[in-house]
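Only one chain comes next, encoded as C-alpha cells, the form predicted on its own.
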Amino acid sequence: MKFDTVIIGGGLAGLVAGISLQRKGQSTAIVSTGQNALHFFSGSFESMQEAPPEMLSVFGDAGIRLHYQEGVRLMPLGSFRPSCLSLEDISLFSSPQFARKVLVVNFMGYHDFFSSFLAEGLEKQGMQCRIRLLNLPELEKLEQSPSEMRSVQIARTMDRIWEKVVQEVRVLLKDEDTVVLPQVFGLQDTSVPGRIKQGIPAQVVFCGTQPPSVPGIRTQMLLKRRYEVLGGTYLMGDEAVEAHVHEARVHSIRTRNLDSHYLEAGHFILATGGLFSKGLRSNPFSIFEPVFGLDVDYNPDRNAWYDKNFAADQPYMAYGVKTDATLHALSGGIPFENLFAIGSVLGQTHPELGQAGGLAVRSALEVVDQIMK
C-alpha cells in the first residue's frame, strides 16, 4: 500500500497533519491504536495566543468552533488555569471570581464529577455555592453498572434529554447568577451546549469531569470524519510494529493488523505521544522510542524521572524524541531524511512550539509546511 505520507498516531497532532496534507492534494494514511490524548483533552489549546489561519480552516471545515479570550478556565477540582484559545463550549473568565452565587448541579449516581471539591474551590474565590443532584430515570439503566456511569455513556443519553435537564435546573435555580454542570453534553449534537445556555436564565458553565473527555472525544470524531471525507485512510485499532530503514531514510512500516503487508510512503510522521500514550516506553534503565529506535532526551538517573509531590509537574512528561530544527527525527545523532516527529512525543524538546494542544497543532502545521516545500 503506497501513500505520499504515512502518519503514525491518530490523536490531535496526527489528525491535524493528515487533514492539512489531504487538503493540499496528498494521499495519506493514519495508523491509530484508538485511545489517545484527545480522550483527556481539556478543550483548551495551551500556549496558543492565536489560531493560525490553517488551524482555523482545519477546525472550521470539521464543524469545530473555537473562541479566544485571555483569562482562566475552571478546572474539575475548583482551581483555575490560564487559557486563551479554546473550544466554543469551554468557558473562559477574565478572573477566577466569575460569579456571585453558584448552583452546582450533578446527576444521581455519577461519581466522576466532584461537586464538593468544585464548590469548595469556588468558595475560596469568594463565591457562594449550593449543590443539588438531579435524579433522572433515563440514567437508571446506566447506574446498574458503575462502568456505564461514565462521561461518554451519560453524554449519549444527555444529547436526547437536554431539554428535560434545562427544565429541572430551572426549577432548582433560586437567586444564583451561575449554574455549573458537568461537561457531558454535545457529544453527537454540537448545538446542545449552546441550547442549554439559552434555556437557563443564568450564566451556564460546563466543567470538566474524570476522563474520558466528552469535548475531546467529540473533537476526535469530527476531525476523523473530516479526514475521511477528504479521502484519507484511517486505520483504527492498529499500531506500527516494525520499520524498514536504509541509509537514514524510512521506506515502509509494518503494522500489527496488516501483517505481511507494508505501508510505503515518501514521508512518515511520528505522532504517537509520550510515555502516557506509549509513544515512548521505559524499562528500569532507560526510556526509548519503540518503532524507529529514535534518540530520546531524558535524564539517565531514574530517580530524577518523577517528583514525589504527586501534584507537581512530573519530569518524565518533558522527555521526548530528539529532532533537528525542522523536526526531522534523529537516530544516533543523524536526522532521517523523511521521518518527522510531532506532538507530545517531542516532550519539551522544542519549547518554542509550546505544550499540550498548542504543541500538537503548531508542530503538525510546521511539518506539513516542510513536506509541501
Partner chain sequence: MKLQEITQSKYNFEECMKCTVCTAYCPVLQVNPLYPGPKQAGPDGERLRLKDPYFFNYALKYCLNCKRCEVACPSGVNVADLIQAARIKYEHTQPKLRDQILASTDFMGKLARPFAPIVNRVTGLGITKTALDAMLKIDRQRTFPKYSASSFEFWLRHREKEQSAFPEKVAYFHGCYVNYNYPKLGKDLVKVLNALGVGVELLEKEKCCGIAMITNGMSDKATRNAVHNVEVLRKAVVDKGLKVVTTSSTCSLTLRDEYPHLLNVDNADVRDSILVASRFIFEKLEKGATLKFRPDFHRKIAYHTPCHMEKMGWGVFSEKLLRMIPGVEFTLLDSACCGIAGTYGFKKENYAASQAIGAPLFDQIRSVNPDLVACDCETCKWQIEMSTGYPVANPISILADALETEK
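Residue numbers count along the first chain shown, from 1. Predicted, not measured: the structure shown is a model, and the values here were computed from it.
The discussion below concerns the form predicted together with its partner chain, not included here.
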Next item on the list: With its partner chain left out here, work out from 234-242, 126-134, 90-98, 191-199 which stretch has heavy atoms within 4.5 Å of it in the predicted bound form.
Entry: 234-242
Next item on the list: Could you tell me which one of Gln35, Gln348, Gln69, Ser331 places a heavy atom within 4.5 Å of its partner chain in the predicted bound form?
Entry: Gln35
Next item on the list: Find the only residue in Leu173, Ala248, Val166, Val152 having a heavy atom within 4.5 Å of its partner chain in the predicted bound form.
Entry: Val152
Notebook entry, point to check: Within 4.5 Å of its partner chain in the predicted bound form: all of Asn257, Asn283 and Phe288, by heavy atom?
Noted result: yes
Check: in the predicted bound form, does Ile217 have a heavy atom within 4.5 Å of its partner chain?
Finding: yes
Check: Taking 4.5 angstroms as the cut-off for heavy atoms, does Ile371 touch its partner chain in the predicted bound form?
Finding: no
Next item on the list: Classify Gly266 as contacting or not contacting its partner chain in the predicted bound form by the rule of any non-hydrogen atom within 4.5 angstroms, answering yes or no.
Entry: no
Check: Hey, in the predicted bound form, is His39 touching its partner chain, heavy atoms inside 4.5 Å?
Finding: yes
Margin query: Heavy atom within 4.5 Å of its partner chain in the predicted bound form: which residues of 198-215 meet that condition, in order?
Written below: Pro211, Pro212
